[in-house]
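Here you get one chain, nothing else, as structure tokens; it is the form predicted alone.
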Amino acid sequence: MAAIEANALTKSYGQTLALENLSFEVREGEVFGFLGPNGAGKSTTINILLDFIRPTAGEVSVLEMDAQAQSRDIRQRTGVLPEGFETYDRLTGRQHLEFALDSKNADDDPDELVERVGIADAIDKKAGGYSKGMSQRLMLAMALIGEPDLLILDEPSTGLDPNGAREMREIVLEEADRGATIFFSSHIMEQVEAVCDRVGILREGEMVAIDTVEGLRDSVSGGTTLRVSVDRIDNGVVNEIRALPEVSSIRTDESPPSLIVECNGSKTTVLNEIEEQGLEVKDFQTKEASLDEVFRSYTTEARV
């Protein structure tokens, strides 16, 4: 079952095309990472999901409801942590939460909410005295109200220190375990890699890739770097390894003698071939492509 289903979404602002035939699906109960460089259309997509703006063409359903015709019902079942939202300086944390509780007709305990996000001692202080990280935690607490079926988190770690970011990730995973669907948009690749089941990469208003992190790694050339320490360098063997379909490139290092192989397939096949060609494998190390490297691969002109 799809929690979000977008079909051929297009959004134009005059002559500027923000989205072009964007189609994707977010499965119920998954944590879906939504990535893209600045200007790719991420905020436009989120605003269409929440019916803050209307698409020029195409359609989208959220929680099996029409995002335009049933937006009020969708918002009742959705928690949102928007990017760039500012708290009200003169209101306390408790007053922010009470406003959100009233808007959703929810009966969550405000003290339990702020305890969960780590600002229990600031609930009755005015938000004007909050740090950026504290304000972000308060916004997360507001998003969690009513045990929403869908959480839309736009740059949720903004302003958080490493401990705060870790606690935020733990909350995301707890919500997923509860059965919520999480739409997770972030520039912080480590955050996405740590929590997301699948990742969609947006570029210039188009979805250029959707897969698990591991699947995205496998889809790009050089998804894994294999460094193999051998007893000697043999150019004939190097050429044989280079010809393997699992190998995208190979280079050598003389000290100590090593083969550095960029793999896009089975590492075992490469190691077996090195030994069959008469070299002694003394040791080997692997390094997986980071999500950041995968992201760069899909968002540069070279992959057009």
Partner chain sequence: MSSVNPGSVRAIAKKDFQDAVRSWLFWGLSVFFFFIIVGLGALVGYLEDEFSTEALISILSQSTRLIIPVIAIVLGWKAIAGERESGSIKVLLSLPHSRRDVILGKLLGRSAVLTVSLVIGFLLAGAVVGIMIGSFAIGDFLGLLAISIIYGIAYTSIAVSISSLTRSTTVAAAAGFFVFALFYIIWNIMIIGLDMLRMQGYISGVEYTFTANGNRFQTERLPDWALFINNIDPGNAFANALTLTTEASGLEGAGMVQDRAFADGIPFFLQDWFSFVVLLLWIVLPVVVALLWFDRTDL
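Given the structure is predicted, the values throughout are model-derived calculations rather than measurements. Residue numbers count along the first chain shown, from 1.
The protein also exists as the form predicted in complex with its partner chain; that form is not presented, and the subsequent description refers to it.
Each of 53, 95 and 100 near its partner chain in the model of the complex, meaning some heavy atom within 4.5 Å?
Every residue of the spot touches its partner chain in the model of the complex.
Would you kindly say which of 165, 139, 180, 207 lies with a heavy atom within 4.5 Å of its partner chain in the model of the complex?
For this set of options, the contacting one is 139.
Let me know the one among 211, 193, 115, 83 whose heavy atoms come within 4.5 Å of its partner chain in the model of the complex, would you?
Comparing distances to its partner chain in the model of the complex, the residue within 4.5 Å is 83.
Give a yes/no on whether residue 91 approaches its partner chain to within 4.5 Å in the model of the complex, heavy atoms considered.
Answer yes; at least one heavy atom of residue 91 falls within 4.5 Å of its partner chain in the model of the complex.
Although its partner chain is absent from this view, report whether residue 227 comes within 4.5 Å of it in the model of the complex, heavy atoms only.
Flag for residue 227 set to no.
Using the partner position in the model of the complex, report whether residue 72 sits within 4.5 Å of its partner chain, counting heavy atoms only.
Although its partner chain is absent here, residue 72 would touch it in the model of the complex, with heavy atoms inside 4.5 Å.
Even though the partner isn't displayed, in the model of the complex is residue 104 close enough to its partner chain, meaning a heavy atom within 4.5 Å?
Residue 104: contacts its partner chain in the model of the complex.
Which is the contacting stretch out of 198-206, 75-83, 107-115, 184-192, given heavy atoms within 4.5 Å of its partner chain in the model of the complex?
That would be 75-83.
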